[in-house]
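Starting off, we have a lone chain in the form predicted alone, written out as structure tokens.
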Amino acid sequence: MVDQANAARAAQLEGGGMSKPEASTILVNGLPCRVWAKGEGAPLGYLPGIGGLPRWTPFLDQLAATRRVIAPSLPGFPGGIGHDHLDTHFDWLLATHDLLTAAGLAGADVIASSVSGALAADAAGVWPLLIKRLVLIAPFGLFDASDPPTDIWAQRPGHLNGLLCNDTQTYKDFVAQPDSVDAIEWKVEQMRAQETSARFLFPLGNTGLAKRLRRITCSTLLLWGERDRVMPFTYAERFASGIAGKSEIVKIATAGHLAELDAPTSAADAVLTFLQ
């Protein structure tokens, strides 16, 4: 099957010019999802934002200097399949729980960015022991009609690059086709990742999480790029005021929606300071 081949191929991709992370495969609903891991120390999970994790990043490399960074792929994102088996929000929550558990991250600290933040936040509330401490980077999941997020699924081709990162070239480089990968297959993989996030967030990015924020009792860091053109900063305050556990907000100067790509050193420093 083409999807199976894509998942296997993605497990072999190297992350940019950095040393290659270890690759393994776990099963979610009986279907393979890639896991990349690097570093030594206490495990630290990472669920990426829109587009998934097509390559290892400087942000993850800096975290891996002191922690065992484990980045499993949700179904449908690069390295994972099975998104078309998930029909309801509850299906996606169970898949998130099973993914973190199978990747050895049950009870660990977890970072979740953008679209994945909606799932990780809900999972932390539904299963209080699943996540020790939570870092949310401009997460989806809430909606305010008077201050709506940008509709990332209604953008013209190429326009999304300038929305997700402060520097357009940063996101272009992040999703650039590796030389060893067929151009058509790579495009299909990127479109599949867009479809995946739309399955649980389209059209408003609202999962009803506002009703369940009070269930989140773990310490939570809300990390926001000052130049985020997708998720208004008011949502950081909404998350912080609704979460029952201790929460704090950190802004990253010069960073856009995916602050970990725009400002990897500043973002990594903020995460590691929070997790001390």
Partner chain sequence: MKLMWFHLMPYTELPEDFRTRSPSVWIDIDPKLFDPARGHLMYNDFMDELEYAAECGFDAICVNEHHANGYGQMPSPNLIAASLARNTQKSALCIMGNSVALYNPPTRVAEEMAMIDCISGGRVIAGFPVGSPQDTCFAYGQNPSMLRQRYYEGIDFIRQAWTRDEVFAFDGRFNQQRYVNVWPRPVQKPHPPIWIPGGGSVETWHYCAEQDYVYCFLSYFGYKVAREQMHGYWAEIRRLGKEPNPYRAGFLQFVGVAETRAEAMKLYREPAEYFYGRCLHVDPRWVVPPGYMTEATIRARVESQMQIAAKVSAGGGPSVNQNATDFEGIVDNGYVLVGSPDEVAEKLREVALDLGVGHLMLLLQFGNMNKDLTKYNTKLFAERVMPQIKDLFDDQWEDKWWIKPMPRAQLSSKAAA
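Numbering follows the first chain given and starts at 1. These numbers come from a predicted model, not from an experiment.
The same protein also has a form predicted together with its partner chain, omitted here; what follows describes it.
> Would A145 show up as a contact with its partner chain in the predicted bound form if we use heavy atoms at 4.5 Å?
No.
> Is there a heavy atom of P157 no more than 4.5 Å from a heavy atom of its partner chain in the predicted bound form?
So P157 counts as contacting its partner chain.
> Does K187 make contact with its partner chain in the predicted bound form, using a 4.5 Å heavy atom cut-off?
The answer is yes: K187 has a heavy atom within 4.5 Å of its partner chain.
> Hey, in the predicted bound form, is D84 touching its partner chain, heavy atoms inside 4.5 Å?
Taking the distances in the predicted bound form, the answer for D84 is yes, it comes within 4.5 Å of its partner chain.
> Among P128, P178, G107, P203, which has any heavy atom within 4.5 Å of its partner chain in the predicted bound form?
After the contact test, the surviving option is P203.
> Just one of A198, L94, A102, L163 has a heavy atom within 4.5 Å of its partner chain in the predicted bound form. Which one?
Here the answer is residue option A198.
> Looking at 132-140, 178-186, 94-102, 115-123, which lies within 4.5 angstroms of its partner chain in the predicted bound form, counting heavy atoms?
Among the listed stretches, the partner-contacting one is 178-186.
> Check each residue of 37-62 against its partner chain in the predicted bound form and list those with a heavy atom within 4.5 Å, in sequence order.
Sequence-ordered list is empty.
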